[in-house]
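The chain that follows stands alone, in the form predicted on its own, written as structure tokens.
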Amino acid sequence: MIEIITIGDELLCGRTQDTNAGMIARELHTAGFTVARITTTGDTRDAISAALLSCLRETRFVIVTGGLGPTEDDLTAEAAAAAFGDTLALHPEAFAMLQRWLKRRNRTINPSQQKQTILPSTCTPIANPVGTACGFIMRHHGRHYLFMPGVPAEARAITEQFVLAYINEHSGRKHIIRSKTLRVFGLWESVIQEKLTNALNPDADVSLGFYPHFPEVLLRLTAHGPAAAVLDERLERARNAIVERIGEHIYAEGDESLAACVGKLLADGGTSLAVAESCTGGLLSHLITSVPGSSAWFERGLVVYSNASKTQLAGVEETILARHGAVSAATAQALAQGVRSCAGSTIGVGITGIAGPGGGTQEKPVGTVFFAIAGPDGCSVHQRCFSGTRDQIKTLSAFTALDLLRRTLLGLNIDGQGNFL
């Protein structure tokens, strides 16, 4: 049996959502393990020690997150030492891990960071691939206690790269775990579930996990067993079954972002891009320039929020704005064609819309967004009507622009795709 303990006063008062427990439980479930109990406790030594010692009798593995940082209220290492009759000391292996991590970033250890290397003397450190606080393992009364930082990105990285394999090995199962991640944009989780009903063979021992990460959904296929070749074959069959149902909405596999996917298509085609965006306020350009090497294919991005800027920077004629309005198909087309012309790029993208919460009308409600993609073969214009908060509408708009561009470059269907109404 497995238990999860999350530590933090901010979790108990509701100031911070406990995403770690859910993430760890999902990862364990898809790997074929069962979580018996999840406990949350505060940032005091006594509370943490009590939680560590109050596990169920049948529990063999306890996964603990939180309280390993550099501040005074990070007391997990001290509480673990007290609970298990150990003492704290600067751990040379943990210190060396921290030194290597900082050296790669041309930094040196400061006193607060060094605190993260003061651990129970009998523990075994766990490397942290994305942060300074290493985790550690302790054994007590036949149980394995695996301690990790509470920062969600660090907890996820250690869970995926270490914890699952450790539990698999020490549980006696000794199975190989194989997984494959498919990245989906344009369908909500509920729609994906409906479309994938009965898609997978229940006898294939492949589990499918849904991981919504607004505005996209990650699908994780996981299989475990003694033979790697058999698992890979099962995963490939499951992947193909999913692709058959929702293939046009799967933009990548693994860790590739939508912007990186588009960038690869542009680079492979020797194609350059420029964008003129209004309601997204530069978010599309931000996503694009977050991709390393995007300077090879991204020429420029204009934030044309006011009507004056649309005219002065992107060359939108005042008569278009007066006749059709700033939020219109005609303005989106003029933006795309104008930025393409002034940048000398192969493709131009224009976005204009109403992100809200005000500004909507009966004819053009909040969430109305027009997109245009101008290229050597002409200009296509597309309208969407999103719902959600201002930030959600902006994010959906930027991602939709990328997806429209992806579909254009691949020659896929554009009109009518998605389920964001």
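As the structure is a prediction and not an experimental result, all values here were calculated from the model. We number the residues from 1 along the sequence you see.
The form predicted in complex with another copy of the chain is left out here; the points below concern that form.
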note = The one option of His286, His141, Arg100, Lys174 with any heavy atom within 4.5 Å of another copy of the chain in the predicted complex is His286
note = in the predicted complex, the residue from Gly225, Gly325, Gly315, Gly209 with a non-hydrogen atom within 4.5 Å of another copy of the chain is Gly209
request  = Sort through 243 to 251, 317 to 325, 346 to 354, 191 to 199 and report the only stretch with a non-hydrogen atom within 4.5 Å of another copy of the chain in the predicted complex.
outcome  = 191 to 199
task = Please run the contact check for Thr368 against another copy of the chain in the predicted complex: heavy atoms, 4.5 angstroms, yes or no?
result = no
inquiry  = Whether Thr408 contacts another copy of the chain in the predicted complex should be assessed with a 4.5 Å heavy atom distance threshold; does it?
reply    = no
ask   = Can Ser121 be called a contact residue for another copy of the chain in the predicted complex at 4.5 Å between heavy atoms?
value = no
ask   = So in the predicted complex, does any heavy atom of Phe298 sit within 4.5 Å of another copy of the chain?
value = yes
request  = Kindly indicate whether Gly42, Leu302 and Lys394 are, all three, within 4.5 angstroms of another copy of the chain in the predicted complex, using heavy atoms.
outcome  = yes
message = Do any residues of 1 to 25 have a non-hydrogen atom within 4.5 angstroms of another copy of the chain in the predicted complex? If so, which ones, in sequence order?
response = Leu11, Leu12, Cys13, Gly14, Gln17, Asp18, Thr19, Gly22, Ala25
